[in-house]
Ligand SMILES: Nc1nc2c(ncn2[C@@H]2O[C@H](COP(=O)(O)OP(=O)(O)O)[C@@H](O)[C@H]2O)c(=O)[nH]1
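Okay, so here's just one chain, in structure tokens, the form predicted alone.
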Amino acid sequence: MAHSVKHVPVSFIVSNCSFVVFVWYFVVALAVLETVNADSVFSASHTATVQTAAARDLRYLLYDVNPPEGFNLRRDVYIRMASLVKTLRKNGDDWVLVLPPWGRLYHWQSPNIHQIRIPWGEFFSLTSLQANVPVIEYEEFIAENGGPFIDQVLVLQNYAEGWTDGKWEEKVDERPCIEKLMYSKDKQGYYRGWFWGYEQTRARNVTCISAQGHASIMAPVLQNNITVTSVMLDRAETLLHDHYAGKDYWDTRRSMVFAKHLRLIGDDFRAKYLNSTDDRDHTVYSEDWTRMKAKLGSAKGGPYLGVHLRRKDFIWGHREDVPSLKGAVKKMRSLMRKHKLDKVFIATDADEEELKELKKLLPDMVRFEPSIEDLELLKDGGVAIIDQWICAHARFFIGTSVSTFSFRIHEEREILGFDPKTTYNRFCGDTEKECEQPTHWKIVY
């Protein structure tokens, strides 16, 4: 949906403050460590006289998300940031998106597994991402940048007063921090924070700004009011999609191709336990997403029911649209009879006690359960992707209401060319009266 961005002039005032690296592609030494006159950098009337950015063409956009947010919401925020970088580049600036390392997520609870500072390449194809927008891993940024320094962190937040006169409008302003900053100054005047588990990383400046609008509302701020080389947007989920479900959205979403080793493991599991192969299921996948254009309804899927059954925090929150285990099993058996399927693959975050009950109620259920050694390699994020990949190839899929895990499976099945009737389905609560099914978001090529 098209929209117009109304840019409100921003006047920022910030205080002046005064490894082993994996080199995967190339190392460019940009060794100028500048001294920024921060009193003027964020002034709306400031002209580009600061030599640091004026003398350098390449600029880096980094970002992070509210710590409690999960893997699949973070994937959604990536789409918003990629859209922002595209907007910045359309205006002639050479911006690169720095991918925030994965780690320390709520659902990644496997014990004794090292799960921080995980690069995107372990979960996604970097080549595919780069075919859509320039991206680099964080450690590559450190190498190119000459060290683990971020010039400016902008902590995004909502407006404390909410909508003015009940009217929503796009705007951005410097404002006092509403919440306590998750950054602290060290003895040298640098700001220290989480920074994805990279303890040596530090920021030169941290500023809070209130933002209300789509991702591209930040483009004028980054282009006109900030002249430093590297900028990080913290709490990036505050910004909205520029064109949700439009061509730009789908280009970025389609470019988020799962890492090949994860797809191969999922394919091997399908063939071994679910009698499912791409040729028989009409789900042949193109390694080049730009050439992948499956006709809607062309995919048949493997002879099994795919299920995402969300538990834990969803049932702790007493959601009325989440069924009991007995209610979920009743629905699964009904769908298996209807579609003549004798196998069901279940992706779930249920605890051990619930898994035992589920297995008792549904003895023929199948799950992907990696060994400890495999889990060390795949990480919880890799296992989640394999679960999604297997669900995405099922003859029929049913997910959990308002779960981003289920949403991502919907999108994957849309890319593969499944009939929407076999994809956009969810469990209903045992006592739910109005059981509205998920919306079909059709790919725009």
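When you see a residue number, it is the position in the sequence shown, counting from 1. A quick note: this is a predicted structure, and the numbers were derived from the prediction, not measured.
Keep in mind that the form predicted in complex with the ligand is missing from the display, and what follows is about it.
K.L.:
Which one of these stretches, 330 to 338, 248 to 256, 303 to 311, 168 to 176, sits within 4.5 Å of the ligand in the model of the complex when only heavy atoms are counted?
P.N.:
Single hit among the candidates: 303 to 311.
K.L.:
Is the ligand in the model of the complex near all of 281, 396 and 419, within 4.5 Å of a heavy atom of each?
P.N.:
No, none of the three is in contact.
K.L.:
If the cut-off is 4.5 angstroms on heavy atoms, which of these, 267, 122, 349, 144, is the one near the ligand in the model of the complex?
P.N.:
Among 267, 122, 349, 144, a heavy atom within 4.5 Å of the ligand in the model of the complex occurs only for 349.
K.L.:
Since exactly one of 72, 157, 110, 128 fits, which has a heavy atom within 4.5 Å of the ligand in the model of the complex?
P.N.:
The residue in contact is 72.
K.L.:
Is residue 58 part of the interface with the ligand in the model of the complex - any heavy atom within 4.5 Å?
P.N.:
No, no contact at 4.5 Å.
K.L.:
Quick one: is residue 62 in contact with the ligand in the model of the complex, heavy atoms, 4.5 Å cut-off?
P.N.:
Taking the distances in the model of the complex, the answer for residue 62 is no, it never comes within 4.5 Å of the ligand.
K.L.:
So, residue 405 and the ligand: in the model of the complex, are they within 4.5 Å at any heavy atom pair?
P.N.:
Answer yes; at least one heavy atom of residue 405 falls within 4.5 Å of the ligand in the model of the complex.
K.L.:
Hey, in the model of the complex, does residue 387 get a heavy atom within 4.5 angstroms of the ligand?
P.N.:
Residue 387 belongs to the contact set for the ligand.
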